[in-house]
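Before any questions on binding or motion, here is one chain by itself as structure tokens, the form predicted alone.
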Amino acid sequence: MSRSSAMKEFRRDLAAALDDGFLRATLDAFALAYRKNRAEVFSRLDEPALVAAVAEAKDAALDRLEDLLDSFRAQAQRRGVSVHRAATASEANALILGIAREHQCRTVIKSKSMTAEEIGLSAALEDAGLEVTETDLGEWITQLRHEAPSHMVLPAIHLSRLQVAETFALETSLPQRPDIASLVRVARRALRPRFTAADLGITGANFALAENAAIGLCTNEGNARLVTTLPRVHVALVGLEKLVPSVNEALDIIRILPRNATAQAATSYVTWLTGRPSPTQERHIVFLDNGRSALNSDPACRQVLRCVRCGACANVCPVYRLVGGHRMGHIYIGAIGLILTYFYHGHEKASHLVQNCIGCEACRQVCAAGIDLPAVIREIRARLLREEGSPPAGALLAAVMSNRRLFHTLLRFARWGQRPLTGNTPYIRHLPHIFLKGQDFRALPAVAAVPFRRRWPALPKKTAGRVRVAIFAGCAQDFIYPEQLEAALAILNARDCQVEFPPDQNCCGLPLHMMGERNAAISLARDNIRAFEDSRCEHILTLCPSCASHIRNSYPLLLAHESSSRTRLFTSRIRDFSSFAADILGLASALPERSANKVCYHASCHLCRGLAVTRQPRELLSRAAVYIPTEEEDSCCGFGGSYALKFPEISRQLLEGKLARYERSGADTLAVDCPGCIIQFRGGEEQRGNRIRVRHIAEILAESMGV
């Protein structure tokens, strides 16, 4: 299938998911409950320390994976357990089928295993004539429906009780009541005889301990214990990355896994198996490679092998929340699924999936193993572009933005070209529908008549002051919202700051980096470092947290093979506006008596997660106006740069949900830190009749100060 055909089919799937009211309501309710319960269950733990411990232990194990496997094999053989290694999915299937045939097994029961899903084990066994039954309730339901799991931990979360009752009615040929207790009883009655009749039991494993060849399973149902003990043959299919030296490393994972997966303090069962349970039972451990060794040798992406399969990256993903796991993954779902699809199931399957990450970084913040999931997704996008070639529009944009003079000249010309389209408003009103497909949920902003860089020479500013500041404008505020930079400049002047504006600065490069145009992003990073090299400023201030986060977090990675001192000097001086105003300028204590304006707040993704700035903007707003907290202030607005252009149907849903919450708050003003979010919110409010004003926090503070 061609790339364009695959994307069209993917869009059809997205549209169907967005029209599924039950799915939307279920995932919404789960996301809200998960967020609250997770915070509560982690409240008595040092979460960052625990995440760091898991990451360190997993990295150390990955460094000596072959040694751990050798130790595990030696310990297992002493205990009468056979250990196998499968290089590929087909080899693993053949190994397990061979074990079944050797022991004349005909009936198979399975406990939930994402690794078995990864290799298509059930289908391979059924094709060979074996009868296979999933015994995890959710997995059994999806098996009966011939569907893939839609979540790594909650495989049937996409289904209603009525749908499950209908499925069970077909299976049992009896009508079923759609209440949970009745449905569980039906499943028990149907599955219990299969436990006792099965010849072969198959499980996965959460850990494999090299010190004593034990495997550990964390489950919420008792089925795994029955699967591992009742049949005369047990096979555990284990990814190589599950090897750890000892129980000590596993215990940290046990502490964090249930908390992160389902907000439980502990799973119902933690089962340890070593050796053979009886002289008459055979036990085999099949370690699966399937690309893991190659991934372990990949310095840019190796960290994904830390994953403990908690599924939390899906739990907090705004896109997953709208469309579910069948559209946010192939076998594995969520952010980790976008990545593992590329490595385990091929570039073609990953090509369209990996585009559907909005870049909000919620997955990185919640990851139990400290994986920088957004960074790896960007790396995969860059690789896909190298392998498939850049789309013409992307290649053209990269070429234009890499040439500062050409880029800025074209933006200035846009001022004249847009005149027939704006109707003397700050919005593009008359763009032909062919260029606006799916974008009618918001008005698009016009380019400012005079950009900030052209206004700069005439603006009042201090040539001496107690704090030396250079302004990094960013494209949106330089060319669309220069008044926001002027508001910040007025505040800097009032707080005795010496201010400069290096004219050779360019776009930070984030849009190109998100698109996978890595070389162009590197070129822009070099240009910006060079532009500020002669500055004697103490701080480089940007009013765009997306720019600040990208520079601070991505420039060191993009320029890892170049002079680290130059990069470090530049990135260390970058400051977002809110933390600079609060912590450096001490603005909160300098504000006059607060106004009666009612202000609510949107915490931009790259500010609250990329830069971990949460306290300062709320503190400033509370001193300047009547601040009204609202639900999910830090959830994504749906902009995501070019994401809103590629997936307008998802962007629309995210925006409308946010605006509805803010409008219900009774506030008259929405404060925002990021110009990208302002494009999204102002455009949406313009279409809805401007029920609430959208302003950058710098504008609100400048007005409060009367400057």
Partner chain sequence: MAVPKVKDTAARFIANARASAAVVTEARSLDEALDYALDLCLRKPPRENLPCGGTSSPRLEEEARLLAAPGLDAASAALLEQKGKERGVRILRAGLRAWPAGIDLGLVLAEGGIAESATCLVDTTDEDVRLATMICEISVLVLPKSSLAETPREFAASLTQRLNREAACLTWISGPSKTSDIERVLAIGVHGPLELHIALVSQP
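These numbers were taken from a predicted model, which means no experiment stands behind them. Residue numbers count along the first chain shown, from 1.
The following text describes the form predicted in complex with the partner chain, which does not appear among the structures shown.
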query: Triple contact flag L144, Q176 and V235 to the partner chain in the predicted bound form, non-hydrogen atom at 4.5 angstroms; finding: no
query: The partner chain contact at R255 in the predicted bound form, heavy atom, 4.5 Å; finding: yes
query: 4.5 Å heavy atom contact, F195 to the partner chain in the predicted bound form; finding: yes
query: Any non-hydrogen atom of R101 within 4.5 angstroms of the partner chain in the predicted bound form; finding: no
query: The partner chain contact in the predicted bound form: A582, any heavy atom under 4.5 Å; finding: no
query: Per-stretch contact check against the partner chain in the predicted bound form, the hit in 650-658, 23-31, 636-644, 664-672 (non-hydrogen atom, 4.5 angstroms); finding: 23-31
query: Proximity to the partner chain in the predicted bound form, single hit among G389, P277, G586, G346 (heavy atom within 4.5 Å); finding: P277
query: Contact assignment for the partner chain in the predicted bound form, among I180, L410, V450, A123, heavy atom within 4.5 Å; finding: I180
query: Heavy atom within 4.5 Å of the partner chain in the predicted bound form - qualifying residues of 122-137; finding: T135, D136, L137
